[in-house]
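For reference, the chain that follows is the form predicted alone, supplied as structure tokens.
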Amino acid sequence: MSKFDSYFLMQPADVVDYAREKVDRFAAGARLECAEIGDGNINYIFRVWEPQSEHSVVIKQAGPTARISDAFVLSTDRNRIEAEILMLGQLLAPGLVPQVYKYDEVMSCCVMEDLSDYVIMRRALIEHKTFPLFADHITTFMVNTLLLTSDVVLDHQKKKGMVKRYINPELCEITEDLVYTEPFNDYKGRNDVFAPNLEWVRQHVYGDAALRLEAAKLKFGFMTHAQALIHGDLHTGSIFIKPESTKVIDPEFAFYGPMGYDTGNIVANLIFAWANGDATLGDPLEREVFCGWAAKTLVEVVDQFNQKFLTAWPLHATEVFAREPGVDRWYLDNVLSDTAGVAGLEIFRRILGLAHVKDITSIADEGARVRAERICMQAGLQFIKQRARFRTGADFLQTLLRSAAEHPRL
């Protein structure tokens, strides 16, 4: 009889006992230590290590509610989805996700590779560190995990079975509310707008019926377009990184949705990094170096995704109509339109919504933060309302730089 025969939410002492009993990565009788290391909005994450050796693991447990708020009641099955998605990622994009050692359906927890020698990318970017290989790594990850799980490649019956297996209604509802709806009307009263920008938001966001119409179109696309097995939360807080390596983590929001949701999130979060550097780096040379890297990486992410996607298409496509001339470009153009739309949605939800990003909130100077938010939101308006015109990295960057020019430094 084991105390882990039925579910309960573990504390660090419980996690040590769990590791001794359930995890085969440590020697029998080893002295283990544990610390909670998670600071996310959803789950509980612990690091367990043996001080006398280099052995360590991360144990991630799903609670019945989100950490950000008990109002979000969630199925703990999300941890099963995450574990399976990471294991699939090991096959589709080897080296770009952490290794999973065990999934425990009773305790709703996953035991995986410890990435303590990496840093969370968002934290590193706020410190204005640069990662020259990131664009190559993340575009390989996105092309491999998105195209190879779509109807373009998979047997259609197998793909529909995967849609069923990875249905994720509770977490999708969070996205539908916090990303696609509330930033544009605050109908639940949960938005958190930086007070000096409130009137601007009322005029340019809440007061823009054309913007709400386009957001509505994007929302229905998210709810109905089972295009590929998407990560569902692919931002710089879901990436561990070091100069030579990138690891994508936290796919508990994964389900079959539009590819552009993943690609658009990466675009938006690179824009947040650029905005932070632009707002906080007082030395012009340092600002030029970091913001130049962020801008270059934004362009490279879009352009390398395009190139790799079109290269992979004829190598992997099995659908007969995928061989028709021009279908690949038509398909990619639709992904790019979604990418632009989602980039705009992510910008608004992170600036106006319930879950902010530290790239913006850590800007201490009020005037600099007001300007950074408006630069991002002005670009976001264009991404959403004119999304059909965004096809290259330069298209995205030029819109960002035009927005910055419209909001000069005071």
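Residues carry their position along the shown sequence, with the first being 1. Keep in mind the model is a prediction, meaning the values are calculated, not measured.
Not pictured, yet referred to below: the form predicted together with a further copy of the same chain.
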Inset, instruction - Give a yes/no on whether Val152 approaches a further copy of the same chain to within 4.5 Å in the predicted bound form, heavy atoms considered. - result: yes
Inset, instruction - With heavy atoms only and a cut-off of 4.5 Å, decide whether Leu213 touches a further copy of the same chain in the predicted bound form. - result: yes
Legend entry - Exercise: Ser116 in contact with a further copy of the same chain in the predicted bound form, heavy atom 4.5 Å: no
Inset, instruction - Would you please decide whether Ile167 lies within 4.5 angstroms of a further copy of the same chain in the predicted bound form, comparing each non-hydrogen atom pair? - result: yes
Legend entry - Candidate from Phe290, Phe240, Phe141, Tyr331 lying within 4.5 Å of a further copy of the same chain in the predicted bound form - any heavy atom: Tyr331
Inset, instruction - Could you work out which of Glu176, Asp303, Asp136, Asp104 is the residue within 4.5 angstroms of a further copy of the same chain in the predicted bound form, going by heavy atoms? - result: Glu176
Inset, instruction - Specify the contacting stretch among 90 to 98, 260 to 268, 246 to 254, 168 to 176, defined as having any heavy atom within 4.5 Å of a further copy of the same chain in the predicted bound form. - result: 168 to 176
Inset, instruction - Would you mind checking 317 to 344 for residues with a heavy atom within 4.5 Å of a further copy of the same chain in the predicted bound form? - result: Glu319, Val320, Phe321, Glu324, Pro325, Gly326, Val327, Trp330, Tyr331
